[in-house]
Ligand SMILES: Nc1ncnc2c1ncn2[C@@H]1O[C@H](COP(=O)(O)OP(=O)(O)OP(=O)(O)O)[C@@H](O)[C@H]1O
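What follows is a single chain, given as structure tokens, in the form predicted alone.
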Amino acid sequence: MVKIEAIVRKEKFDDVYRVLESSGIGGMTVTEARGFGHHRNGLQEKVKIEIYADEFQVDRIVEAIRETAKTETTGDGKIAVLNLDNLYRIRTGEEGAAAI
């Protein structure tokens, strides 16, 4: 299992959301964020997307985000893929892939 974290431009979020919603992911968490990159052009409004997924879904999800969020200019964002030891669903007590 992995956690995919993507930081994307605020104006690209609706497009990314539509693509991810139709891709069959189990769900996602969205947070408004502000940040800057190595160009230090001041704090920019961004959206942080968090997705829990099985390893076999990672390439498809990452590619969907990359293709949809890309403007080919500085500040398009980042995607991180983090390995998880375990995941627990609070309501049912399910764990692992069943909790996704």
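From 1 onward, residues are counted along the sequence shown. Owing to the predicted nature of the structure, the values given are computational and were not obtained by experimental measurement.
Beyond the structure shown, there is the form predicted in complex with the named molecule, which is absent from this document and is the topic of what follows.
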### Query
Heavy atoms within 4.5 Å of the named molecule in the predicted complex: does residue 74 have any?
yes
### Query
residue 1 near the named molecule in the predicted complex, any heavy atom under 4.5 Å?
no
### Task
Verify the contact flag for residue 37: yes if a non-hydrogen atom of it lies within 4.5 Å of a non-hydrogen atom of the named molecule in the predicted complex, no if not.
yes
### Query
Is there any non-hydrogen atom of residue 78 lying within 4.5 Å of the named molecule in the predicted complex?
yes
